[in-house]
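One chain comes next, on its own, written as structure tokens: the form predicted alone.
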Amino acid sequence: MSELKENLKAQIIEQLNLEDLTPSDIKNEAPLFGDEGLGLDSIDALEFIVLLDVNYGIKISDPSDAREIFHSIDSLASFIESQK
């Protein structure tokens, strides 16, 4: 799963145009949204939904689950693994 996490970090950096970050700057357990993490917002969440669909063929059926799924790299990777 560590390879998946590294791929996710690189894809997030590319998808969200976070040119000033490298994958090593993103901690697996750190929140992706809000002031404590990367500081991403609801627009970025939409980009995550597109990323999951395009790169992994995964659609989120219940949008209320997105907050938990997109909490961190760890939670995102666990969700992807559970959908395989």
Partner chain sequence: MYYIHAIQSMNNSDVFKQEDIHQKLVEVSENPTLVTPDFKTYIAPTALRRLSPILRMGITLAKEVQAAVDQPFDAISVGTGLGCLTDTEKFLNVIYTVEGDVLSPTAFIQSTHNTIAGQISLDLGNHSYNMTHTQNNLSFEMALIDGMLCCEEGSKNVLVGAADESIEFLNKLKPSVFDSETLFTTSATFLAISADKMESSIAILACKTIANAAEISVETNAFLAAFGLSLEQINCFVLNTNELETPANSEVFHIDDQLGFNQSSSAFAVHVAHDFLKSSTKEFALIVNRSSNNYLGLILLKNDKTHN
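C-alpha atoms forming the largest set that superposes within 1.5 Å between two forms make up the rigid core. Note that the coordinates shown come from a computational prediction; the quantities given were computed from them, not determined experimentally. Numbering follows the first chain given and starts at 1.
This next part talks about the form predicted in complex with its partner chain, which is not shown.
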May I ask whether Met1, Glu6 and Ala10 all come within 4.5 angstroms of its partner chain in the model of the complex, judged by heavy atoms?
no
Asp41 near its partner chain in the model of the complex, any heavy atom under 4.5 Å?
yes
Taking its partner chain as it sits in the model of the complex, is Lys59 near enough to touch it, meaning that at least one heavy atom pair lies within 4.5 angstroms?
yes
Looking in the model of the complex, any heavy atom of Asp53 within 4.5 Å of its partner chain?
yes
Considering non-hydrogen atoms and a 4.5 Å limit, does its partner chain approach Ala66 in the model of the complex?
no
Superposing on the rigid core, I want to see if Asp62 changes position between this form and the one not shown - specifically a Cα shift of 2 Å or more.
yes
